[in-house]
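One chain comes next, on its own, written out as structure tokens in the form predicted alone.
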């Protein structure tokens, strides 16, 4: 899509636990205007804190095993923690939200890129027990704001079709101007 211009402690039973489903991935991207900066977030940092959440922007205090638990909970494959660490060390921007009661990550997103023109957003996840309360949007709004403030005007991401509706209100469009994403994939050799 293009942009234009773990299960931790469950929440009250009023929030329904969503089970992950596996679907194919769709490439999406965005173009942003470098003249505007979003400062009106759908949920403020203070509102997050009043609900028991802390917004983090570094890998300091991020327990990679707990993050991996969130990845698995949303349907990502379990990842080697050392490889997660290496990926995060090569990440341009990242944001995650910690739930104070458990001291665990409950929302996460990161972006890689050239730091000037292009960025790709990766690993946007929200613990299923915390979905539907605005944490994913809170992380994405701030990540997009950070990238835009650096002058990055081409922001892309990969998304499962079932969550495209989440990204559209943030300014993402699928296949803008007929642009199609492509992914290189080598077939693994069968072992005998």
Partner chain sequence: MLTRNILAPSSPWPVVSFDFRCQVSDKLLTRRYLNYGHDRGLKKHNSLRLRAGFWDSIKSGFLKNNTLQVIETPSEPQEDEEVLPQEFVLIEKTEPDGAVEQILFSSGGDVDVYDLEALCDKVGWPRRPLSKLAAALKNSYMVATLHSIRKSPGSGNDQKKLIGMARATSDHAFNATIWDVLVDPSYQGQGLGKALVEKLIRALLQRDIGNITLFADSQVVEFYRNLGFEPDPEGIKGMFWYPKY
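What you see is a predicted model, and the numbers here were worked out from it, not measured in a lab. Positions refer to the first chain, counted from 1.
One more form of this protein should be noted, the form predicted in complex with the partner chain, which is absent from this view; the next part is about it.
Student: If the criterion is a non-hydrogen atom within 4.5 angstroms, does every one of 87, 118 and 174 touch the partner chain in the predicted complex?
Tutor: All of them do, each having a heavy atom within 4.5 Å of the partner.
Student: Is residue 131 near the partner chain? Define near as a heavy atom within 4.5 Å, in the predicted complex.
Tutor: Residue 131 lies outside the contact set for the partner chain.
Student: Should residue 53 be classed as touching the partner chain in the predicted complex when contacts are defined as heavy atoms within 4.5 Å?
Tutor: Output for residue 53 is no: heavy atoms all beyond 4.5 Å of the partner chain.
Student: Residue-level question: is residue 164 within 4.5 Å of the partner chain in the predicted complex, judged on heavy atoms?
Tutor: So residue 164 counts as contacting the partner chain.
Student: Hey, in the predicted complex, does residue 160 get a heavy atom within 4.5 angstroms of the partner chain?
Tutor: Result yes; residue 160 sits at the interface with the partner chain in the predicted complex.
Student: Quick one: which of 149 to 157, 41 to 49, 131 to 139, 59 to 67 gets within 4.5 Å of the partner chain in the predicted complex, going by heavy atoms?
Tutor: Among the candidates, contact is made by 149 to 157.
Student: Need the contact residues for 163 to 186: heavy atom within 4.5 Å of the partner chain in the predicted complex, sequence order, or none if there are none.
Tutor: Contacting residues: 164, 167, 168, 170, 171, 172, 173, 174, 175, 176, 177, 178, 179, 180, 181, 182, 183, 184, 185, 186.
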